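As structure tokens, one chain now follows by itself in the form predicted on its own.
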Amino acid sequence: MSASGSWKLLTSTWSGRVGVSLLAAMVVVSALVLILMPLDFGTRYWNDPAHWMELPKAVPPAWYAWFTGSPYFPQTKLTLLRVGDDAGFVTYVGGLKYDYEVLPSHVLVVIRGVRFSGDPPTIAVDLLRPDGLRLPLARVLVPPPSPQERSPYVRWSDPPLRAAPESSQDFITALTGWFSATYSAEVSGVTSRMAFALPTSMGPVPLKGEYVLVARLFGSPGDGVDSVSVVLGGSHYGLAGTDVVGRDIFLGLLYGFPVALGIGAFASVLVTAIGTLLGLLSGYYRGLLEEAIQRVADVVANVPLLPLLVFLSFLLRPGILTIMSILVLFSWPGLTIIVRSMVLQVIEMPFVEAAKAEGAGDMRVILHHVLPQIAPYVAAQMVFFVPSAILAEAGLSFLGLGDPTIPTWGQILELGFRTGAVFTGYWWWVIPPGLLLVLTGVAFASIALGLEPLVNPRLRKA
């Protein structure tokens, strides 16, 4: 059957259309990820906790608040504007109207690109609350230059300085003193989110009103800062929430698309090629070659794959290439044995005998007469093996034996279970990657079902 005829037959069934649609969507997402996201996303960003410091930790997706009607505070980053420069006394100001029913998850001061020529400046960031308290969020002394440096000096260009107010004793003293003097409340365990809170007998509650943020740089004329920002962590975040490190789970799920398809396609193509080649050779040539291939296939086929994967992944350096190599080395025997039995039937057919009688060489007979007869079955087996390879990698990652440098769906699941996400109700760590693994299996299973009429002509509709 021609390629166009095979495609028409595949898409003539509901299972084929569903499988092709899901696979096409996965391929499009994978292509966009490879184009828009850096290839070293795992090592450069995913595994760098400093990159995720500004995001809230272990919060559900933003749409979950809209769906359930629970109190919501959006992730907010307020950049202060430069309003004055008086002989090295530089002022940056920003305003915020706080009218939310929930406190921010955290507060963080972000200072980027401090530039100076003489003595190192100091930076003070204060929060003016509606109740009159001037709360020191950060007091920063810029590190002095080393003898090897030349003016002008630059500090915290990339990455920026991220200062947590609760690490400052000035912040804790000012807040606890104000709560005690103004509200007669004794507070212990001060956190940065309490900068926007009132103390009550039921715990801190939001203090609504107008807030003013003021940052001052004390230095020499010409000194300045590229940007001063204050980050307020959201109660919810993004499309898939965050984990305990603050990583955006949605980005990890996206990056998992090309990784999953790459593992499945690479391992499937190699396993199919090796299994088909050895099956063709052992079925066509017979004799000593057949005996050697089949005995090796019998031995390898009886080796339990999952324990072997676990053992070798633990023994060797965990990595995607290690996992794929083990899958390829120990997954070809089943296909080889079946292909050999099919070849034994095909070579007895009259058209093969006729080709040999006309003087066709062995390679021509194999490629032009034998292989086309088994190609539909081989294609279906190749499709079936893709989700098997993906699930094998996910299983190893779930056991903690995956590649630590690349975010995969299995790794996200493993982190969720390791941190008790199931017991603490952090469903957004477990359900999305699990659903993606299920959808991947459904996509390739549907395609394989759609290929059944191609493999077995008796199933075709008249």
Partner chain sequence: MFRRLLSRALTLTAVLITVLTLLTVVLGATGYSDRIIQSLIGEQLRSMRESLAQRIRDPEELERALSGLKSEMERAYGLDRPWYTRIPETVLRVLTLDLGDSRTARSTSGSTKVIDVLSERIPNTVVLVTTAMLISSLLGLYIGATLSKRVGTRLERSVTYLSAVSNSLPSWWTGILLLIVFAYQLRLFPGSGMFSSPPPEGALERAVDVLWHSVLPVTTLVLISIGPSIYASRTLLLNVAQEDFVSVARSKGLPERVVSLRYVLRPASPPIVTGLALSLPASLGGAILTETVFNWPGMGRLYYNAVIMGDEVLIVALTYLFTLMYVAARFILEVLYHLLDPRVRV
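Fair warning: this is a prediction, and the values are worked out from it, not measured in the lab. Numbering follows the first chain given and starts at 1.
Quick note: we don't show the form predicted together with its partner chain, though the next part is all about it.
The stretch from 54-62, 39-47, 26-34, 427-435 that comes within 4.5 Å of its partner chain in the model of the complex, counting heavy atoms only, is 427-435.
The partner is absent here; in the model of the complex, the one residue of 380, 161, 312, 347 having a heavy atom within 4.5 Å of its partner chain is 312.
The contact residue chosen from 299, 288, 357, 141 relative to its partner chain in the model of the complex is 299, the criterion being a non-hydrogen atom within 4.5 angstroms. Using a 4.5 angstroms limit between non-hydrogen atoms, residue 415 is distant from its partner chain in the model of the complex. In the model of the complex, its partner chain lies within 4.5 Å of some heavy atom of residue 384. Contact check for residue 391: a non-hydrogen atom falls within 4.5 Å of its partner chain in the model of the complex.
In the model of the complex, residue 304 approaches its partner chain with a heavy atom inside 4.5 Å. Residues 435, 437, 438, 441, 442, 445, 446, 449 are the ones in 435-451 with at least one heavy atom within 4.5 Å of its partner chain in the model of the complex, listed in sequence order.
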